[in-house]
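In the block that follows, a single chain appears as structure tokens, in the form predicted on its own.
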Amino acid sequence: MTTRDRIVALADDLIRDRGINAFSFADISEEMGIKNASVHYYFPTKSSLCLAVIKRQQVALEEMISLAKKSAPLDRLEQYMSIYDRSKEADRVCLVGSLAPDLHTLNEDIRVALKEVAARILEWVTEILEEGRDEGVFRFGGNARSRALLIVTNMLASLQLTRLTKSEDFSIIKKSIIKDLTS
């Protein structure tokens, strides 16, 4: 992994753990054992670093969607939910959940990129639900996008809420979502 990639990965961790406004380049340089100037060499501003983190997330999301394409709808939904499983295991929130509260403090490029990630996630979950309903795997009223909004917001909020409640509540929420769709 290159120095640039390590900086982006560490910034991703810090954003998910502390939030975008609660870490500095000094935190990165100290953790990596490099000079602050080295971080600035790759990322002149914190905004450019945050944008790189979001772009990294976009690439990972598209890879996941591509790999899951041939899977059954229920398997794809579980693959989507695995994004949050990994965050929960690391005791972090997801990138969208971490950045969204600070939306008004972020520059326009970051806001646009973050909205693109959120829209793509919503689009993917909507597609999964539509296909699952067409195949008789999922049963739900209303349109698929509205149901996708409920699922995405539940997953985002569950990461934050279960930091305060029992850890097993996260699993209960996931199982409830799937049960609600399949019964």
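Nothing here was measured: the structure is a model prediction, and the numbers come from that model. When you see a residue number, it is the position in the sequence shown, counting from 1.
This next part talks about the form predicted in complex with a further copy of the same chain, which is not shown.
For the candidate set 61, 34, 157, 137, a heavy atom within 4.5 Å of a further copy of the same chain in the predicted complex is found for exactly one residue, namely 157. Contact with a further copy of the same chain in the predicted complex, defined as a heavy atom within 4.5 Å, holds for exactly one of 102, 78, 85, 109, namely 102. Contact with a further copy of the same chain, judged by heavy atoms within 4.5 Å in the predicted complex, is confined among 129-137, 110-118, 47-55, 26-34 to 110-118.
Residue 66 falls outside the set of residues with a heavy atom inside 4.5 Å of a further copy of the same chain in the predicted complex. The closest non-hydrogen atom of residue 89 lies beyond 4.5 Å of a further copy of the same chain in the predicted complex. Although the partner is absent here, residue 125 is not a contact residue: none of its heavy atoms lies within 4.5 angstroms of a further copy of the same chain in the predicted complex.
Taking the partner from elsewhere, residue 176 is found to have a heavy atom lying within 4.5 Å of a further copy of the same chain in the predicted complex. Contact annotation for 1-25: residues with any non-hydrogen atom within 4.5 angstroms of a further copy of the same chain in the predicted complex are 17, 18, 19, 21, 22, listed in sequence order.
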